[in-house]
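First comes one chain, alone, set out as structure tokens in the form predicted alone.
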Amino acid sequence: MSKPVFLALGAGAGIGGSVGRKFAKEGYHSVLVRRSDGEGLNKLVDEIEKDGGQATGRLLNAVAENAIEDLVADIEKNIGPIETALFNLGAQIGNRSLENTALKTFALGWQMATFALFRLAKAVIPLMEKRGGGAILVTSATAAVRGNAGQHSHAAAMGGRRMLCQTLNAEYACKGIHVAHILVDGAVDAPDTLGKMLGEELFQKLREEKGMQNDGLLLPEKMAETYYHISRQHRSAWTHELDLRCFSDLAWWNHDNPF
């Protein structure tokens, strides 16, 4: 009998990879999908398998036509039923003024953050509905609830992501599909996201000042425990939205623009 499948779109070295590792540890076959860095992906799969789990790695350009749809169909046919899906694609293009935000750039943020989630939902929810249940965990950002200067594309895209989670829940919660919008309100200790934004030297300095033993950055392996817990909740007490932040950070609604 095949194991239930956990699908992670956006399985980098931070949140996505850590959640995939957690689900594999709990008995799922984790299908880990990222856009690039095949070497890093293979390393993650090897580590999961050495720990006794099952995992498959795929490289994918999620905005390409039919890429998500074909991926879901292939997994369902050749690996097993997707019980839980994580949508963890980022859409941060950096701070850009209105004048310096090209139409194509703005549209790309929406394609990655909102349209790709819609495509995943359209591909996987009918399958989950036929089986009587399933979960879609959606990583989001502070931009979904607060628009800052220079964040036109990101805020619009993430705001759309949040609303899409609400409409999906309104339509499918009663059919056994649990959609959770997980707002990450803080800096994550992840080399392929925050590390790339800051550069290796500044990232290491931030880790030494706030991270590591200080617990001043969101730790992906600890976040993964929350993601897994949400996926296992009883339907009488589903979490539909929550925010995660470090103990030392102010909540988004009490915080000045940090940028």
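Keep in mind the model is a prediction, meaning the values are calculated, not measured. In this text, residue numbers run from 1 along the sequence as written.
What comes next is about the form predicted in complex with another copy of the chain, which does not appear here.
J.: Which of these residues, A62, A190, L217, L41, gets a heavy atom within 4.5 Å of another copy of the chain in the model of the complex?
T.: Residue within 4.5 Å of the partner: L217.
J.: Please run the contact check for R131 against another copy of the chain in the model of the complex: heavy atoms, 4.5 angstroms, yes or no?
T.: Output for R131 is no: heavy atoms all beyond 4.5 Å of another copy of the chain.
J.: Consider K25 of the chain shown here, and say whether it contacts another copy of the chain in the model of the complex, taking contact as heavy atoms within 4.5 Å.
T.: Result no; K25 lies far from another copy of the chain in the model of the complex.
J.: Looking at the partner-bound form in the model of the complex, is A173 within 4.5 Å of another copy of the chain by any heavy atom?
T.: Residue-level check for A173: yes, a contact with another copy of the chain.
J.: Answer for G94 alone: is it within 4.5 Å of another copy of the chain in the model of the complex, judged on heavy atom distances?
T.: So G94 counts as contacting another copy of the chain.
J.: From first to last in sequence, which residues of 29-52 have any non-hydrogen atom within 4.5 angstroms of another copy of the chain in the model of the complex?
T.: Stretch hits: zero.
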